[in-house]
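The data below hold one chain only, encoded as structure tokens and taken in the form predicted on its own.
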Amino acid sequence: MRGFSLTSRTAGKLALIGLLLGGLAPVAQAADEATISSGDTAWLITASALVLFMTLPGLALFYGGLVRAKNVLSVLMQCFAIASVMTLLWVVYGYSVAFSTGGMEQGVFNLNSLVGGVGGMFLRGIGPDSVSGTIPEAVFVMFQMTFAIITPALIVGAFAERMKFKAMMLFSVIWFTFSYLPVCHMAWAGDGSLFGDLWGVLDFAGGTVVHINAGIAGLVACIMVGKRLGYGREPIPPHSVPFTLIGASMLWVGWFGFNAGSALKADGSAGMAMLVTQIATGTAAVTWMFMEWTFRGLPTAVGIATGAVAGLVAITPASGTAGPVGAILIGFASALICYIAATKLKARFGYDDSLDVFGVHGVGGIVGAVLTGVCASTALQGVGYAEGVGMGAQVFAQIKSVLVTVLWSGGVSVVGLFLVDKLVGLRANEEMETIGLDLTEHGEEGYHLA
């Protein structure tokens, strides 16, 4: 049985009759109902699942393969627990603090440029009919929740194999509250937000919010927690390179939700974001592979996976403004500079960034954020700049956002880790670290060897 449908001409006639007989109200109601796009909604639901897939199981496997067998469960557990706790915190107050606007004005200075309010705690006021742009607000809440989940999970790679589980959880809560939420608000909330409305910074999918923010926290954490036992004196090889390759592959696929989803529409901007993400990632992976081949004599699986992640990180802020040529530039530059950071810089200063969180996410995020200001140029197939803004001014705005994020995240991390150390102690003792965190922290083993 065929359903009844109106042709556009018939609908237009009925709308005119409605204007003549009933005023504007029916037409306004129809316009409100038309604001939700089923195509945009379907894409954002898919993108949310892809970004969650990046953490569980993507990041968990990527990190889990890089640690020793005695610590594999501890890393998987950390990612799983963070995903669970951040979900609750996002609902209780995170979404409100990150995205609410108004109500925080103080004299001549508007605190809403730095942080939102708590009027929307427990997602108050959000129901099935709430709309954000062209999608239900519940879908937007879920999409942004997946970003709030993966960002603190990234940090655990910096202090893997040596931080207490309870210390890790407490620090994650503190850092999420006082670093992730304000930086997210500054970049994306609008209503006079520091990075977006006031400075005109371009950060399409989270170069500052996610990668620089987490990378700096990782650097501070690995220094304050200290080096792993035997670091620099004995080999500490990854226990499962296949896990790492599988995890990196999941990250690569999931990242399309991360970047293309940030368009918040199923449109040409999302399509280009997906394309430049693929181009930059492939370029970075190939660049890292040939650099290893040149300087180490052999291309490694861990190396090409790391290079791919560096490209994914760097293209993130530029994915909505760069074109194919810019994506190649960003991919090449990120692999080159991150390779130097993860090998030469780390060796020179002697910090034990276990899984190169700072070397890849921190440095890659900085490279991508700065080059976003360059690659938006139409000469590089980018979308161009705002009226009256040139490349120099845009790059300067990008650098300011990098510096604010570095100082903000660094300061919160130092204070947060200091407090956690005083409350519960940061580091597992020597016996726990020697036996492995799987058994000593969780009472389980990743592998039962006969």
Partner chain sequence: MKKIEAVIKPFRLEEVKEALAEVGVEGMTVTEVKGFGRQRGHTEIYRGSEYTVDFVPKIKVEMVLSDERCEPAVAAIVKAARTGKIGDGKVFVSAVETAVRIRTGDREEAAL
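Treat the numbers as computed from the prediction; the structure is a model and nothing was measured. Residue numbers count along the first chain shown, from 1.
As for the form predicted together with its partner chain, it is not shown, yet the points below apply to it.
Its partner chain is not drawn, but in the predicted bound form it has a heavy atom within 4.5 Å of T300. Contact check for V115: every heavy atom lies farther than 4.5 Å from its partner chain in the predicted bound form. At a distance threshold of 4.5 angstroms between non-hydrogen atoms, T343 is in contact with its partner chain in the predicted bound form. Among heavy atoms of S262, none comes within 4.5 Å of its partner chain in the predicted bound form. Here the chain stands alone, but in the predicted bound form its contact with its partner chain, taken as any heavy atom within 4.5 Å, falls in 233-241 among 192-200, 213-221, 171-179, 233-241. Shown here without its partner, the chain carries T306, D356 and L439, all of which come within 4.5 Å of its partner chain in the predicted bound form through at least one heavy atom. Residues T434, L439, G443, E444, E445 are the ones in 415-447 with at least one heavy atom within 4.5 Å of its partner chain in the predicted bound form, listed in sequence order.
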